[in-house]
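Next up is one chain by itself, shown in structure tokens, the form predicted alone.
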């Protein structure tokens, strides 16, 4: 049986998305985010998105651009800059709904969606304000006796986070949709891909399947083509977030991005310079010109 060729462009991916979708975005904070696809969303007419993410500039950009209606997150941070300023502004101004979960609760929500169950029980959130702030998060009582033989313990029921689509970025992929990470952590990209109806994967390089072993240990091949609908070859596609070992975070660019939250005028200037471009190729050319071709 021939191997399917699932290669697409960023704009092809966006054409598969619809207003009002729930979209999971992989990576972690300002680390290995599918930024080239996020930028394509910014160029589009998509709106009213629910974004599920261990958030970074992906969330901030979608909030600042008016694309996100709701954000479901374990946190939203730029890592080296602790608070994502555009997300903070959206929360303070009330322009976005938010479900702010414990990191473990978000992971269990993705796992529940992947396993097609309505929730998974957890102790995370007990004794915290999560249940006060979000009364839609319910508790359940274990049907099994406790250690002392008494009534089963009360647990938080982390709700399934079902995704219409997931967007993830890997270091390497093949044309069929198998993905390989080469950095220190997969984060939750595998659960994102399994929790979604359709997953779109961008990668620094698309390589022949037989070359995966040349790039890293086999345990780094964690995204299965069975869960991937499309593959985008996107060199430097995670910029300005980090994507080791291919490149680190562009800290100077990130500082410029963070400063753009200072005023509407600063945001308009940043958007005009970096986001209101005709294509990803134009963005990458502008970044290369800024850095003299060095990442």
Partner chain sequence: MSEATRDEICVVAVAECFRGDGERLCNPIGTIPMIGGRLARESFEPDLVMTDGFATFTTSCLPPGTNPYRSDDGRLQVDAVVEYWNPYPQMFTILWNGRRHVMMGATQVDRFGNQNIACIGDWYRPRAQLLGFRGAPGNTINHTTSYFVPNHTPKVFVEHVDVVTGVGYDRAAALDPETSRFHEIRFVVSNLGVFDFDTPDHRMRVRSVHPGVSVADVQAATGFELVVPDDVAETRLPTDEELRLIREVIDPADLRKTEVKP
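Treat the numbers as computed from the prediction; the structure is a model and nothing was measured. Numbering follows the first chain given and starts at 1.
A second form of this protein, the form predicted together with the partner chain, is not displayed here; the remarks below concern that form.
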| property | result |
| --- | --- |
| Candidate from 205, 91, 175, 162 lying within 4.5 Å of the partner chain in the predicted complex - any heavy atom | 91 |
| Interface residue in the predicted complex among 72, 107, 221, 114, criterion: non-hydrogen atom within 4.5 angstroms of the partner chain | 107 |
| Residue contact check: residue 188 to the partner chain in the predicted complex, 4.5 Å heavy atom | yes |
| Residue contact check: residue 210 to the partner chain in the predicted complex, 4.5 Å heavy atom | no |
| Contact label in the predicted complex: residue 28 to the partner chain, heavy atom within 4.5 Å | yes |
| Heavy atom of residue 66 within 4.5 Å of the partner chain in the predicted complex | no |
| Complete contact of 36, 44 and 62 with the partner chain in the predicted complex (any heavy atom, 4.5 Å) | no |
| The partner chain in the predicted complex - contacting residues of 121-148, heavy atom within 4.5 Å | 122, 123, 124, 125, 126, 127, 128, 129, 130, 132, 133, 134, 135, 141, 146, 147, 148 |
